[in-house]
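Below you will find one chain, with nothing else, as C-alpha cells; this is the form predicted on its own, and questions on how it binds or moves follow later.
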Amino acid sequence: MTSTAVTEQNKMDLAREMLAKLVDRRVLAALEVCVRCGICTESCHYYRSNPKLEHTPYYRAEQVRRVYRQFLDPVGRAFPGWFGAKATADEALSKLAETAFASCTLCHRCTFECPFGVETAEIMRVMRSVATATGYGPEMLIEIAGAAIAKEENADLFREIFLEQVKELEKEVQDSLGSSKAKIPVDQKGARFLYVPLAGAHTIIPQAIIFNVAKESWTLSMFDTANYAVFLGDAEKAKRIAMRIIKEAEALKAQEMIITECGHGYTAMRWEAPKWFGRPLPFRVRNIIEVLDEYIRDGKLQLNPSTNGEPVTYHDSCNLGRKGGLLEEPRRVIKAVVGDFREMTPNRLHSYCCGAGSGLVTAPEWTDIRLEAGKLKSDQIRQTGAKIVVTSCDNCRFQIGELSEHYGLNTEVTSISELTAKALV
C-alpha cells in the first residue's frame, strides 16, 4: 500500500469528505441493517477455504463500520474507542485498505445468501474509494490504471506499434484458415462490431478466426477492455479509461461494442459506464460469448465437438455470471463445441469465486492470500474429473492456472472463444 505525505488531519478530513459523498441510502442500509446473524459465513470462499472469524463477511464489514463511525458518526468521532476504532487515521486507513482490497473479492455471493440482502461488496467498494483517495491504494493497481490513461494520451505513439502487431497476428489468422483474404480490420468505419480485446493474442486470434468464418462486419479496438481503476474505486480514472473506447466506437460509428472474455471489463462498460456518464451509451454493449451463442443459434458456424474430446468444466466468472446475468449463454456454446461437459457444484448464481477477483491477481504481495482463498475452487474442479477448465475471464484464467499448479490439478485452462475456434470445421 502507498501513503501520501499528508497530515493526520488532512487524511481524516479527506476520508470524512469521501464517506459523506459515497455513503448513500443504499450503502447506509448495508452498513446499518446487518444483525450479525452469520448466515453469510458459509457463502464466502475465503471462509470455506480457511474457516476463521476474520474470513466471514460480517466480520469484514464490521471493521469497515468502525472506520465509518470514527470518521463520520458524531459519537464515534468523539469517542472512537467505544466502537473499537483505531486511535489514528493512519492506523484506521491502513487497516481499512487491507480489509477492503485483500480480504474481499467483491463477488457478491454473500448478498445472495443474506436474508436482508446486505451488500457487503458495496461497503467494500466505498471503502476502496476512501483508501485510494487517502493514499492507501495498492501500487500495482494504480500503475496499471495510469498506464491505460497514458496509452490514450500518447495514442499516436502507440498506434504504429499496435498496427505492426496486428499485421503479425493477421498472418496467424490467415495461416489457420488457409486464406490470405482473412483480415483483422482496424479503424473500419461503419462496421457492425467494435471488438475490444485484452492485451494478449489469445483474446484476438481465436475471435478473429471466428469473425472471418462468420463473415462478420467488425473492426478491432486499439485499446484493451481492462479498467483497473474500477478495482481502486477511483471513479474519475475509471471514466477516463472507459471514455477512450467510447470515443473510438462513436468515431467509427459502430453499432455494437463487443467486449472480450473479461469479467470486470464487461461489467464496467455494460453496467457502470451509463451510470458514470448519466446517459445510455449510443451503441449496444455485449460480450463475445453472447455473439458466439448467436452465431451457433443462427447456424453461422459449423462445429465438430469431438475435436474437444477431453472432459471439460466451466467456471462462472462472478462479474459475467452472478452480476452480469450471462449464465446459460456460455453453457450453450460449450455444449456445442465439446464432447464431455461436466458442471461444478454449485454453479451459476451460486458459483464460488476463484479467489482472484477485484484486482487481487495483480499484486504479488497477495499471492499467498489468493491461492489459499482459491482452495475451494480447486476442490470443485478436482471433483469434476475434468482435464480442461473453461473460464470467461482473464483474471480467473490466470488464477485457475496457478491453482492447478499449486494444488496439483493437472488441468489446462482455456477460454470459450478458443474452444469454439478449435471446434470449427
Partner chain sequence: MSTFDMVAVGVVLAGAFVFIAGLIAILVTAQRRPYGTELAPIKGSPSRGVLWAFTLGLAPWAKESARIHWLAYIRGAIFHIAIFVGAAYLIATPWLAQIPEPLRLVLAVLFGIGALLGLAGFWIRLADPIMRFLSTPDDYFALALTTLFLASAAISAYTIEYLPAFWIISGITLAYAPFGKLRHFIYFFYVRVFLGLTFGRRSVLE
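So that the term is clear: the rigid core is the largest set of C-alpha atoms that superpose within 1.5 Å between two forms. The structure presented is a predicted model; accordingly, all values stated were derived computationally and were not measured. Residue numbers count along the first chain shown, from 1.
One more form of this protein, predicted together with the partner chain, exists but is not displayed; see below.
Exercise for the section: Could you tell me which of 219 to 227, 171 to 179, 155 to 163, 114 to 122 sits within 4.5 Å of the partner chain in the model of the complex, going by non-hydrogen atoms? Expected result: Careful reading of the contacts points to 114 to 122.
Problem - Contact test in the model of the complex: Asp24 vs the partner chain, heavy atoms, 4.5 Å - result: Looking in the model of the complex, residue contacts with the partner chain include Asp24, since a heavy atom lies within 4.5 Å.
Practice task
Answer with yes or no whether Ala30 is in contact with the partner chain in the model of the complex, where contact means some heavy atom within 4.5 Å.
Solution key: So Ala30 counts as contacting the partner chain.
Exercise for the section: Report whether the minimum heavy atom distance between Tyr352 and the partner chain in the model of the complex is within 4.5 Å. Expected result: The answer is yes: Tyr352 has a heavy atom within 4.5 Å of the partner chain.
Exercise for the section: Check whether Glu272 has any heavy atom within 4.5 Å of a heavy atom of the partner chain in the model of the complex, and answer yes or no. Expected result: Within the cut-off, so yes.
Problem - Contact check for Phe101, Asp340 and Ile369 against the partner chain in the model of the complex, heavy atom at 4.5 Å - result: Not a single residue of the candidate spot has a heavy atom within 4.5 Å of the partner chain in the model of the complex.
Exercise for the section: Report the residue, out of Gly325, Gly190, Gly200, Gly299, that has at least one non-hydrogen atom within 4.5 angstroms of the partner chain in the model of the complex. Expected result: If I apply the 4.5 Å criterion carefully, the residue I get is Gly325.
Handout entry: One residue of Asn212, Ser129, Asn308, Thr267 in contact with the partner chain, assessed in the model of the complex (non-hydrogen atom, 4.5 angstroms)
Key = Only one listed residue qualifies here, and that residue is Thr267.
Handout entry: Sequence-ordered residues of 278 to 306 touching the partner chain in the model of the complex, heavy atom within 4.5 Å
Key = Heavy-atom contacts to the partner chain in the model of the complex: Gly278, Arg279, Pro280, Glu290.
Practice task
Note yes or no: does the Cα of His55 move by 2 Å or more between the shown form and the other one after the core is superposed?
Solution key: The answer is no; the displacement is under 2 Å.
Problem - Did Arg370 shift 2 Å or more between the shown form and the other one, C-alpha, core superposed - result: No, the C-alpha position differs by under 2 Å between the shown form and the other one.
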